[in-house]
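So this first bit is one chain, no partners, the form predicted alone, shown in C-alpha cells.
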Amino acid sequence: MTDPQRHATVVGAGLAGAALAHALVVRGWRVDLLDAADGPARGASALPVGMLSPHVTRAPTPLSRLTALGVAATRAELESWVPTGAGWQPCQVHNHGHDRGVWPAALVRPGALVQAWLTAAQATGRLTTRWNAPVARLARPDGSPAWQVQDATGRPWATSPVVAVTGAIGSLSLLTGAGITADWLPLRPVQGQMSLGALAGPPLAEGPQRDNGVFVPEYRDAGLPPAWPERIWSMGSTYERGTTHTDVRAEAHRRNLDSLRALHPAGAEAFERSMAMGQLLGWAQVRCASLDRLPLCGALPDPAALQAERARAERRRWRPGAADTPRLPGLFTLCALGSRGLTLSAWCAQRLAEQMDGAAVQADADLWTAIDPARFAWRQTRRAA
C-alpha cells in the first residue's frame, strides 16, 4: 500500500509537470496531475520542434553545467520512452555564434516526450490526470496536514500533503497567493514566436543552424498539429520579455526572417517565398524566466519563519543559506525554465523528486543551491539585516 504521505498534487502538465509526475510515480508516489487546458503540453511545451543541445561557455557557469547534465538526462529519457522518428531525431547543429562548431544535438517535439512520460506513469495505476481544472489558489486550513488545490470558488480540485507548482508564469500568482513574498519570486513572462512552413523538396540546408535563433531546415513528424504538414522547416524564436500574448504577428515573422538572412541566406529566400504566397505558418507561446535566468527547483521558503529568524539574529551578522532556511511544509516548485525547458525538465524533476522523497539529492551542492527557490529570499533578507 502506498504511504498516504507519499501523495502529491502537481499543478501544470507541460514538460516540467509531466517530468516530475513521472519521476515521483517511478519512486512509488501517488500523483494527481492538474491542468487548466484540455490536455497535456498545451502551453509552451506545445512547441512544434525544439533543439536539445549543449550550452558552451569558455568557463563553466551554473547554466552551462545544468545544461550539460540536462542534455544527457533528456536524451536518456527520449531513448527510453519515445521511438526515434515519432517525436525526436538525433542530429548535429552548426553553431555560428560564440560556441562556433558542429555539436551533437537532437530535434524534439516536446509534446511527444510529455505524453510518453504520462503514458508510462498511468500504466502504474498511480497517476490520475484532471484536465480543464484551472487552479486559483493553494490553501492549508489551520491544523490541517494537507494542502487544498482550489478553483476560483474555493472548491478543492485535489487535497494532498504535498503540492508541486510547475505552471510556468502561472506559478507566480499561485505561490504569492500561498504567502510567498512577491519579490522573492522575480518571475518574468517571455513570449516567443516561431516561423515555419511546409517542405516539399529537399532540406533547405545541410543541417540545423544556430546563432540568433535556430534554423531547422527539415523536420518530419506525424504528430504535428493536424492542420500542419508532416514535413516542415522552422526558424525561431523571438524573445519578447514582458509580453504575455500568444498572437502570431507579422512583425515577429520579419524579425525571424532578418535573423535567418544573417544565418542562412538560401533559407531566407524560402522563408520569403512562403510569406509572399501566404503559406507561412507561425506558433507563439509564453515562457517563464527568473531574474537570474536559472530555474527555481525545490522546497519553498516560509516567509513568516524566515523573517522571525532574521529578527532573532538582528544583533549578529546573519547570512541565511539552504541549510538554515525554514520551508513551507509540503510546498515545492519547478518553474522558470525559460527557453530551456526541453533541456532542464528531466534532470530538475529527478532531483526535485529526490528531495520530495527525503533522499539525498544527486547534484553538486553549489549547483543545487544555485537553483534553490529560496535564493531571492536570502538576498532580500541579507539586505534587510
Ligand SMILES: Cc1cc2nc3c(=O)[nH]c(=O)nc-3n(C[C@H](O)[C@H](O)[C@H](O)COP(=O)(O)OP(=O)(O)OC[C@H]3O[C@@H](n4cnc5c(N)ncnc54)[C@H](O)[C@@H]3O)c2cc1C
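Residue numbers here begin at 1 and follow the sequence given. All of these numbers come straight from a predicted model, not from anything done at the bench.
Although it is not shown, the form predicted in complex with this ligand is what the next lines describe.
- When contacts are judged by a 4.5 Å heavy atom cut-off, residue 353 does not count as touching this ligand in the predicted complex.
- Contact annotation for residue 11: at least one heavy atom lies within 4.5 Å of this ligand in the predicted complex.
- This ligand is not shown here, and in the predicted complex it never comes within 4.5 Å of any heavy atom of residue 234.
- Mapping the unseen interface onto this chain, residue 348 falls outside it, with no heavy atom inside 4.5 Å of this ligand in the predicted complex.
- Contact with this ligand, judged by heavy atoms within 4.5 Å in the predicted complex, is confined among 116-124, 294-302, 162-170, 176-184 to 162-170.
- Taking a 4.5 Å heavy atom cutoff to this ligand in the predicted complex, the contact residue among 192, 213, 208, 197 is 192.
- The contact residue chosen from 31, 331, 66, 44 relative to this ligand in the predicted complex is 44, the criterion being a non-hydrogen atom within 4.5 angstroms.
- In the predicted complex, the residues of 332-349 lying within 4.5 Å of this ligand by at least one heavy atom are, in order, 337, 338, 339, 340, 341, 342, 343.
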